[in-house]
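First, one chain by itself: the form predicted alone, in structure tokens.
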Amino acid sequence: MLTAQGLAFSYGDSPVLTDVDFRVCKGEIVSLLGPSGCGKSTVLRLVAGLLAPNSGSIAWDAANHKVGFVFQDAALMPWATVADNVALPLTLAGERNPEAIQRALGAVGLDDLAGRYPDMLSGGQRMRVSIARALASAPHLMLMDEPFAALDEILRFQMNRLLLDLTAERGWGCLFVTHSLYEAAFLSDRVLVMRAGRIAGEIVPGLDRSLAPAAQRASAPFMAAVAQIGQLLEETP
């Protein structure tokens, strides 16, 4: 779906990324994990086209591709209903597609809340609206920048499960930024560990998705992946 090669980016004289290579395939979740300031969010912005690399390339398998972006803050319009918030990307594109909005709300379990306003929703519901908004335009690649970081652990587990279900159902690729070793090990087909603007290594958790989520988190592959990620983070750049 997407191949990045030799990406480099600087803010003025301050280098942020140096020679970053990675790929994202259809139907997989790839996590970017590393300390603050290592360049994770910058990678997402380069992929989204919000920034241009100083050098390197980002190549797509298809000329026509759509990208959905979900931020840590749900960033909903407080004066607009849930349905109108979800419709935003379609509205900006000059499209009217009530069916797409309803499908997006149904996918995140919010069919019956279309007429509510953001201040009437819980934190988890607001994040679901944010995901539905990204879903509405039928993206081929979902970019997610610590979307569940502000949620409590129970809600975070629920949202992790929702993301896995949506990825399996929609077949999109997902590039997911997180600070949580456990979240990365549970969600990801591959974990890219970043340090100092580079990718330090790649971990493949290889969890058995036929098991219940609790069993996956208690499995030997999960614990091994967490340990391997931790080891890469502790190594000196």
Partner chain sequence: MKLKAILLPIAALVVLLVGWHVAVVATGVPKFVLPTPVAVFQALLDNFGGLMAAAWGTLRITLFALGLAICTGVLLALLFSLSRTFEMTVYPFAIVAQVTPIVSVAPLVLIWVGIDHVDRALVIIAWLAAFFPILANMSAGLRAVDGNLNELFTLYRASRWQRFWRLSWPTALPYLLASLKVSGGLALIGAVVAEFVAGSGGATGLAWKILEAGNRLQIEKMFAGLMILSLMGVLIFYGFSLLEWVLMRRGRR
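Since the structure is predicted, the reported quantities are computational estimates derived from the model, not experimental observations. Numbering follows the first chain given and starts at 1.
FYI, the form predicted together with the partner chain isn't displayed, but the following is about it.
The candidate site formed by Phe157, Val177 and Ser210 is entirely out of contact with the partner chain in the model of the complex, as no residue has a non-hydrogen atom within 4.5 angstroms of it. For the chain shown alone, Met194 is not a contact residue for the partner chain in the model of the complex, no non-hydrogen atom being within 4.5 angstroms.
Among heavy atoms of Glu146, none comes within 4.5 Å of the partner chain in the model of the complex. The closest heavy atom approach of Val67 to the partner chain in the model of the complex falls within 4.5 Å. Ala200 falls outside the set of residues with a heavy atom inside 4.5 Å of the partner chain in the model of the complex. A single residue from the set Leu163, Ala107, Ala134, Ala83 has any heavy atom within 4.5 angstroms of the partner chain in the model of the complex; that residue is Ala134. With the partner removed from view, the residue among Leu113, Ala100, Ala75, Leu151 that has a non-hydrogen atom within 4.5 Å of the partner chain in the model of the complex turns out to be Ala75. Residues with any non-hydrogen atom within 4.5 angstroms of the partner chain in the model of the complex fall in just one of 27 to 35, 46 to 54, 183 to 191, 165 to 173: 46 to 54. Shown without its partner, the chain has Tyr117, Asp119, Met120 in segment 117 to 131 as residues with a non-hydrogen atom within 4.5 angstroms of the partner chain in the model of the complex.
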